[in-house]
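This document opens with one chain alone, in structure tokens, the form predicted on its own.
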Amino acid sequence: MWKLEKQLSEQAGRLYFDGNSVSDLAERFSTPLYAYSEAGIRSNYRKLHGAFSGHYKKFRIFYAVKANNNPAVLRILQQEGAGADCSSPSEIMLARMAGFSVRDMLYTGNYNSNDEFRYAIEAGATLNLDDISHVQRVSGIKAQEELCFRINPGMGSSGEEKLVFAGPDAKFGISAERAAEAYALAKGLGTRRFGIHMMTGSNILDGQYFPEITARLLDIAGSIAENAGIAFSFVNIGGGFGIPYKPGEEELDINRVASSIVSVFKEKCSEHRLGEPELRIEPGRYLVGDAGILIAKVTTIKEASKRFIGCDAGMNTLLRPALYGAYHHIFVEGKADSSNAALGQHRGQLSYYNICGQVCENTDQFAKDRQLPGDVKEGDLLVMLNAGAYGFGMSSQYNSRPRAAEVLCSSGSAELIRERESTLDLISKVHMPSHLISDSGSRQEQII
């Protein structure tokens, strides 16, 4: 059975998300609207944590804040026991606002300025360095008791979106050949506790890949430990745990994946005499991706060389389809087929459409030649699935369009967790030079 949002259901012909009518959400909060399920986020975390901790007690999840940085989402995961993987100073600030202790933060920035390093150091986060050149720079700011290095293991994988973060063309990480040199340099400058990290891909549904890449990282760690004369307090194998986006895609058997990873982890730690370091992972999408939807309203049905559905969301709202051809399943509210146990189909006669936004780019299309009900009309609501990760966080104000609102749904209730932007928000930080202000006899009121 195809895995969709577990909180999405159909009742008497209407769609409900975590007990909330999709129509009611749209009427109450307007569109476009991101909605997240608190129960879905908590369930995903507990499922993932239980799969690993049942095999290895010294295990922790560090949530990739970039996936969804809303403080309410961060707070839920902090309450569940997650740490925070932060990729910018602002993410450190957001994590602190959400209650994360600095002891539970890993700062994994890349190509950082000294000011960014200084902020992370003063905040107290553990640094995860992306290059050997960073060692002297951060030590010049403050001697580091603990450091982690991001390793490029020379190979990577991905889902259909081709988001590979390791290998010869990746901009991330230190090569295995120079890794021992980096650790030895840090040790010479006074660092006494070490971690090792990698991130090799994104949205991977091939369960066999994870133990393979884990073994490679542990082999690299063993070589580093021997040549640099250090020990590891933690090993972070990154994220990349995929979720199904398309009908027919199989969900990861996360219990089997966790068991295979831990088995290899223990075997390699024993082989290389690494002791029992803490095992860490840093998922983002797996925790929040299928716990979110995007609701948009149909504005236009256009009959041209193709049939186009225009809606009030666009690539400024959800960038992934335009950026790298990402697939998001789409339902039309009131026309989902409850006879399919996974809500994978629509009722009635179907037609092919291109689903578009309002941005002045032809790439602003959520789907091309997608089958939807033939009776779609203006005012209908589109529900785009798996929008909890890399949705709002990648949105923009392109075409001077304000960003969407976000709500958190919980057992039939919904609360606004980010207000919808207004046009005034677009200009709140801009200033008109005095010599450009119109002056016909007397200075006119400055609008901006």
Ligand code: LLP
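Note that this is a predicted model, so its numbers are computed, not measured. All residue numbers refer to positions in the sequence shown, first residue = 1.
From this point on, the text means the form predicted together with this ligand, which you will not see here.
Peer 1: Looking in the predicted bound form, is this ligand within 4.5 angstroms of a heavy atom from every one of 16, 75 and 383?
Peer 2: No, because 16, 75 and 383 lack any heavy atom that approaches this ligand to within 4.5 Å in the predicted bound form.
Peer 1: So if I measure heavy atom distances to this ligand in the predicted bound form, which of the stretches 280-288, 295-303, 131-139, 223-231 falls within 4.5 Å?
Peer 2: Stretch with heavy atoms near the partner: 280-288.
Peer 1: Given that this ligand is left out here, which of 320, 118, 370, 268 has a heavy atom within 4.5 Å of it in the predicted bound form?
Peer 2: Result of the distance check: 320.
Peer 1: Taking 4.5 Å between heavy atoms as the contact cutoff, choose which of 401, 42, 420, 66 touches this ligand in the predicted bound form.
Peer 2: Contact residue from the list: 66.
Peer 1: Does this ligand come within 4.5 Å of any heavy atom of residue 352 in the predicted bound form?
Peer 2: Looking in the predicted bound form, residue contacts with this ligand do not include residue 352, since no heavy atom lies within 4.5 Å.
Peer 1: Contact with this ligand in the predicted bound form for residue 390, defined as at least one heavy atom pair within 4.5 Å: yes or no?
Peer 2: The answer is yes: residue 390 has a heavy atom within 4.5 Å of this ligand.
Peer 1: Heavy atom to heavy atom, is residue 324 within 4.5 Å of this ligand in the predicted bound form?
Peer 2: Residue-level check for residue 324: yes, a contact with this ligand.
Peer 1: Would you check, heavy atoms only and a 4.5 Å threshold, whether residue 152 touches this ligand in the predicted bound form?
Peer 2: Looking in the predicted bound form, residue contacts with this ligand do not include residue 152, since no heavy atom lies within 4.5 Å.
Peer 1: Enumerate the residues of 217-246 that have a non-hydrogen atom within 4.5 Å of this ligand in the predicted bound form, in sequence order, or give none.
Peer 2: Stretch hits, in order: 239, 240, 241.
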